[in-house]
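Quick setup: one chain, the form predicted alone, written in structure tokens, and binding and motion questions come after.
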Amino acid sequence: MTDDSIVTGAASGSGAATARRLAARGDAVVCADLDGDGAAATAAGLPEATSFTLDVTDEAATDAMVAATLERFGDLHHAVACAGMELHGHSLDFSVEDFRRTVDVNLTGCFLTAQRSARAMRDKGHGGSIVLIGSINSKIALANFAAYVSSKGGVLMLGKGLALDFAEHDIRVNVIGPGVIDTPMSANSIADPVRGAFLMSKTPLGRPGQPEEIAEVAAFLTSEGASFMTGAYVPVDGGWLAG
């Protein structure tokens, strides 16, 4: 039987790779992103998929996405919240507007995707699984990233809290903690000679991860192989947090 999945942030990077990986195992996938054209391009390359233009901070739009999923595919089993943003700057100069936007997209967006998806899973009565994309910065801070690390630290605790709240409905919630991943969001940092060298010096495997390596873990966490995992944090970081 085909499972039905939502992936936010599906226009590029780890979101697009996750959508492709879930489709490869047979899922019908809703590819959602603020970049509607990018989401549509991802969906167009999959055997059974549709796209949805989504601002993850918009409650009504998130409700509409879940409703569209149920209308198109009839059910919802998994949701992977990959949508996110990264702004950096010294905390003495960082604007409140940029701080709020970072937290709203990265943290509130995860909450809305998880909550609305879980409601549909509960109403269908069969449980399900949700994966939130945190970061190594869910565990450690970096200079000039106070807003980002605050949001990603929140994602980690959000995942734990939701795991406890949703367990009675057999809905599992886990968090992935990517390290340096070769995505459009990280491209400038990786390419910068000084910044890139610093990031690789912190990564024992000595290379950036690939979006497909995040997607593989997301696929596992939304599979029966992870049926006794909930509230977990899984770093995929090339060894950064081991040191």
Ligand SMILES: NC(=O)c1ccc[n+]([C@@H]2O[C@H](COP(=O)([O-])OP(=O)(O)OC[C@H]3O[C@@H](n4cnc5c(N)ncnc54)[C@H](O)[C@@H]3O)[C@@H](O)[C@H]2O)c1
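Quick note: we count residues from 1 along the sequence shown, nothing fancier. Note that the structure is a prediction, hence the values are computed from the model and not measured.
FYI, the form predicted in complex with the ligand isn't displayed, but the following is about it.
Colleague: Of the residues 43, 215, 56, 66, which one places a heavy atom within 4.5 Å of the ligand in the predicted complex?
Modeller: Comparing distances to the ligand in the predicted complex, the residue within 4.5 Å is 56.
Colleague: Want to guess which of 156 to 164, 90 to 98, 77 to 85, 117 to 125 is within 4.5 Å of the ligand in the predicted complex, heavy atoms only?
Modeller: Looking at the other structure, the answer is 77 to 85.
Colleague: Can you work out whether residue 133 and the ligand are in contact in the predicted complex, taking contact to mean some heavy atom pair no more than 4.5 Å apart?
Modeller: Taking the distances in the predicted complex, the answer for residue 133 is yes, it comes within 4.5 Å of the ligand.
Colleague: Within a 4.5 Å heavy atom cut-off, is residue 34 in contact with the ligand in the predicted complex?
Modeller: Residue 34: contacts the ligand in the predicted complex.
Colleague: Please tell me whether any heavy atom belonging to residue 183 falls inside 4.5 Å of a heavy atom of the ligand, as the geometry stands in the predicted complex.
Modeller: Output for residue 183 is yes: heavy atoms within 4.5 Å of the ligand.
Colleague: Wondering, does residue 22 line up within 4.5 Å of the ligand in the predicted complex on heavy atoms?
Modeller: No - in the predicted complex, heavy atoms of residue 22 and the ligand never come within 4.5 Å of each other.
Colleague: Looking at the ligand in the predicted complex, which residues in 1 to 22 have at least one heavy atom within 4.5 Å of it?
Modeller: Residues within 4.5 Å: 9, 11, 12, 13, 14, 15.
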